[in-house]
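We've got the same protein chain twice here, in two forms, each standing alone as structure tokens: structure 1 and structure 2.
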Structure 1
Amino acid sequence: MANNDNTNPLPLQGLRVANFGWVWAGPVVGQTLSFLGAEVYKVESRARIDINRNLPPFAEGEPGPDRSLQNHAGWAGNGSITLNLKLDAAKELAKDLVAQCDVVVENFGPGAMDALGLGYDVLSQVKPDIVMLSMPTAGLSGPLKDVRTYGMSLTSLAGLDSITGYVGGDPIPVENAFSDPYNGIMGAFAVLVAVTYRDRTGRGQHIDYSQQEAIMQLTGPAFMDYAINGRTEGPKGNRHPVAAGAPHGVFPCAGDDRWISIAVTNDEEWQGLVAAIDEPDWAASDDFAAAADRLQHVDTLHEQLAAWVAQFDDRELAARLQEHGVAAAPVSDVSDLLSDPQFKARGTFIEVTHPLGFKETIYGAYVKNSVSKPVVRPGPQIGQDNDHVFRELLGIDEARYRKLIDDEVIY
């Protein structure tokens, strides 16, 4: 589905993408490119419904692969065509589509596209300058390349899980695939870097994108401590990741499960905090005089601060601390995302009408461009772009198109 509007030029207009990506990371690659103007078709099939299409809850409580409210935000922007890739005729149509694309995206395991007869060797014959992004868990080569993880456990291989948890305790799992949308956006960056190179040199390529390596960049600061000092530490809680300041944490406020985050990384902010608390005796202790002292006595510092914070409403306290120059903000729960004045002011979440007619709330442009405003399309409804792609783009006549549908090739 093209994002074309002459009054609102989007920078990737004219870029066409065949997105074989599934679940979450691959679709977010397509979404990112689509928000910025690319024409993106998710290639999927009713023969094997993408598991994310069946995530509850569903629109109006009615289950169905086009009604997953938990899926549409992450997929919005992708178009959809259906091809049953077990069938040779469908593979040929996929190749015909790729011949008219700039980019192919997939996030299966290594070799899966080759097994389908749609590997880079084949697709680069169909379209010599194709940019193909393959983003398996641990890359296309190496002894761990066939490792199996879930999205939420992939971070274990990057060292990231080992630093997540309460200080002194066991690692605590992150309860969803934190790296999936991260890799989806980074995958879009990878595609655009490669397309820039293609435009200058005429050369396409097969991007070897290891989700493990991309998310391991977040472990970089801790990695450097190991590289420099041979030191490797356990969970860091909410402490400063490189121990550059204290207090640094979240503290319970008045109310049910309400918290505030407070981060102090220099003397000016510390003095602001002390002033906001009305100069209590404990803050004058030598234990908290200099930044190094505050780090050394971080536990008692946090206890003192928590005792004071507990009486306040999180939002009122954040505003009060900000008046003193202290970096503080409410800790949101999911419901706050729709009511928080910052997200409301920025239009972070929007209500759209799905092609099937129901209304749903998804996120919109999560970066604000001064010129190019993404046109955010909900869905996609499975196969919504079949007519356009097979008949107009590939020029298939009505009779053959009907037969391909009857034969469950387009399915």
Structure 2
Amino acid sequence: MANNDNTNPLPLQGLRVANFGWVWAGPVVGQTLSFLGAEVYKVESRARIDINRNLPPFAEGEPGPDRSLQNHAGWAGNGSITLNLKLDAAKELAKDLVAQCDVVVENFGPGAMDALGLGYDVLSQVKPDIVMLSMPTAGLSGPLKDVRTYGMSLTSLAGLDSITGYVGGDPIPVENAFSDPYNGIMGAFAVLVAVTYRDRTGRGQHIDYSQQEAIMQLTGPAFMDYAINGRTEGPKGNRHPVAAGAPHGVFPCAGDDRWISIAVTNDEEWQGLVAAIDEPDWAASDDFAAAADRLQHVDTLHEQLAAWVAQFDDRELAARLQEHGVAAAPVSDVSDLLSDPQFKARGTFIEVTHPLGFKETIYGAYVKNSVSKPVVRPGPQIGQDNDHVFRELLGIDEARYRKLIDDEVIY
């Protein structure tokens, strides 16, 4: 699906991707590449509707695999063709498509593509310089290679959940599959590196991408604390992950469930905070004189600061603290994001009209460049690009095309 209506071509214009990825992580790889100009075709089937297509909310409250607003945002930029890969004829068509592509993406478990007869060994015979990204949970090798997870359980496996929660309490796992879009964007970067190598050498490659290992990067401070200090600590709430600053947390502001985050990591920032809050008597206490003192008395410090913060509007206070050199920000909820002047100015969220006729808000292009502007389209209708791919790209005549549809090969 071409993604550029501009005079100046996008950086990846001319790159074609067969995206076998499913749920969220794999399609986000396609989304990111599409925002940069790649032509991306999500390979799916009505024989097994992708679970991401059945996630609410639905347009106008009417359920349906083409009406999931979450899907339209998460799969934006991907096209769609339908192939029932349970059938040999569909597998052959998939190979024909790969022969016309530069990149293949998949995020099934190890061996799934091989079982379909579409593993790298096969596809590299079809297209010798193909770049194939495989991104299973724990990579293609090792004792955990066959483990099954979703985005939320992946953060547990990667160790992130062990440090998420209230101070001194039990771990509280993250409540959403944040690892999926994270891995999708990182996977797209891996594709770009491999494509650059191919362009330089003429050689394709199979990328073994472990989602677990990528997510483990988010535990970096805790890992370094263990490696250097031998400490394995549990959840720390919003305190600094390696005790390098205080105050450091989120504090309730005036209004209904309004909060502000404040982080102070050195004496200069502390003095800025004290000045911003009009130098209250408690801030002059010897308990808070130096960074080590503030860390030692962090509970008392947070209590005093919380009592002061509670009387102010979160956004006004954040602006005031920023003026004094303090890292502070309002804790935005989703409605704040949609109305935020910064996001409006950058087109972070855009309103589009879906081919079925309803309007919806989806993500704008989070990758921007100065030369050209991406055209962002909502996640596709199932099979919306069948005619183009099978009739035009693969050159299948009308009679055979209709028979493949009747036989539910293209399905």
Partner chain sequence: MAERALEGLRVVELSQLVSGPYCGKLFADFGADVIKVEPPQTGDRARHWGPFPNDEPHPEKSGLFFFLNTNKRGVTLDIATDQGRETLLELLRDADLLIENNRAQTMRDWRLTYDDVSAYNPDLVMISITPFGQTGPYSDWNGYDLNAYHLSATGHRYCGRPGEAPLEHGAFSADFYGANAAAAWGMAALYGRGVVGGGQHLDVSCAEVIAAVFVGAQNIGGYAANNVFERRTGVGMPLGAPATILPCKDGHVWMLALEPGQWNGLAGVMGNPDWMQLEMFQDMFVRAQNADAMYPLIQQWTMEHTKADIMEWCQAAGCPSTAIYTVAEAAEQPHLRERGYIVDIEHPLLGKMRNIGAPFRLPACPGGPASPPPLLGQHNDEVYGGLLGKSDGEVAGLRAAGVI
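Each form is matched to the other, and the largest set of C-alpha atoms that superpose within 1.5 Å is called the rigid core. Each residue is numbered by where it sits in the sequence of structure 1, with counting from 1. Since we're looking at a predicted model, the values are computed, not measured.
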{"property": "Displayed copy of the chain that is the form predicted alone", "result": "2"}
{"property": "Flag for Thr353, CA shift 2 Å or larger between structures 1 and 2 after aligning core", "result": "no"}
{"property": "Residue shift check between structures 1 and 2, rigid core fit, Val367 Cα at least 2 Å", "result": "yes"}
